[in-house]
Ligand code: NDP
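Shown next as structure tokens: one chain only, the form predicted alone.
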């Protein structure tokens, strides 16, 4: 959608083929409904905190169907908004699935369309592991349309989707277990982030099983019986896998058109998002580079500039901020401590862990964790990491400083806003390492 609108704004004649709803994974079965569910799941704790501040109300009750209906209305509204934006930009909308016939031809609804440039932005699809009984499990796609909440849920995986849905189900009152085959959550993030998140989620009632992987699922008298590698088992009403996604390239005609694909089916592209066929480009999750919606839309804008504005603009995946909307939230920008040591050798680390002021009137023991990683030679801040309420909102501003190459001295010279959690990023003084 972004590539179509921007390209049309630069004067290109553009058509977009979409057989389903506009907005892709993010709008329909990803970022937007997931964040709405996350908001819903946080209210239980907010009601508890409110009592410590003098507020009284009746016993809170949650209704799943109300949340689903509200979510569906908002997604339908967004679908309409996006379709109008495309139409207003002059983009021709083809309401059918398309396939690539050759370097300059696309077929949609039995008709051939010729184009100077073809863009593949078909995203990815969640996958289930090939274990006995996997047909009894669901993925995130189905989680947004459950007819009722389960009493007991098993989430399998250790990255964004798994920890987010574990927090969502737990917050909505589901007895929740999170199983991950690795030794810590959030592989690829700073090591301490994964460790601290597991601790905080466990405090909130999520049963976390590390180095634990399902080997089979079977129907039981009261739900689903899951066997784990090593011989243990458990019973659940719902099993959801969040263990990976596969690029959507099957039956698109890319092979026949000469487009090189990676082993997982991803379109292989260069730094200008160009495939092995000069006229065919690909962006977003279908390239399996960095599976984040803002990255995909940025790739779209860079590509439109390259093709239609005469400004060759390579993809820039350096210092991309990201957030994990678990409870508590996680947000980072830049390098983990481990990656920084690999790249720079000597680094300085500053970190803190504390109980936020908001919780001081309650008996809640959740701790906020914040960390800065600094290249010792240049004193540039090369990584910022946080676990805590509104972490994504806070890191977005910090990301600007990291992207611009701010030094630790410049962070220190910035006056904090008191009392806030965010001020800790500019008041860290004691080196931890």
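Residue numbers count along the first chain shown, from 1. The shown structure was predicted, so the numbers you read here are calculated from the model rather than taken from an experiment.
Missing here is the form predicted together with the ligand; even so, the following discussion is about that form.
- Of the residues given (162, 137, 201, 121), 162 alone sits with a heavy atom within 4.5 Å of the ligand in the model of the complex.
- Scanning 141, 319, 306, 213 against the ligand in the model of the complex with a 4.5 Å heavy atom cut-off leaves one residue, 213.
- Residues placing heavy atoms within 4.5 Å of the ligand in the model of the complex fall in a single listed stretch, namely 176 to 184, out of 310 to 318, 337 to 345, 94 to 102, 176 to 184.
- By the 4.5 Å heavy atom rule, the three marked residues 329, 392 and 420 all fail to count as contacting the ligand in the model of the complex.
- Taking the partner from elsewhere, residue 171 is found to have every heavy atom lying beyond 4.5 Å of the ligand in the model of the complex.
- Using a 4.5 angstroms limit between non-hydrogen atoms, residue 275 is distant from the ligand in the model of the complex.
- The shortest heavy atom separation between residue 351 and the ligand in the model of the complex exceeds 4.5 Å.
- At least one heavy atom of residue 325 is located within 4.5 Å of the ligand in the model of the complex.
- Of all the residues from 234 to 266, those having a non-hydrogen atom no more than 4.5 Å from the ligand in the model of the complex are 242, 243, 244, 245.
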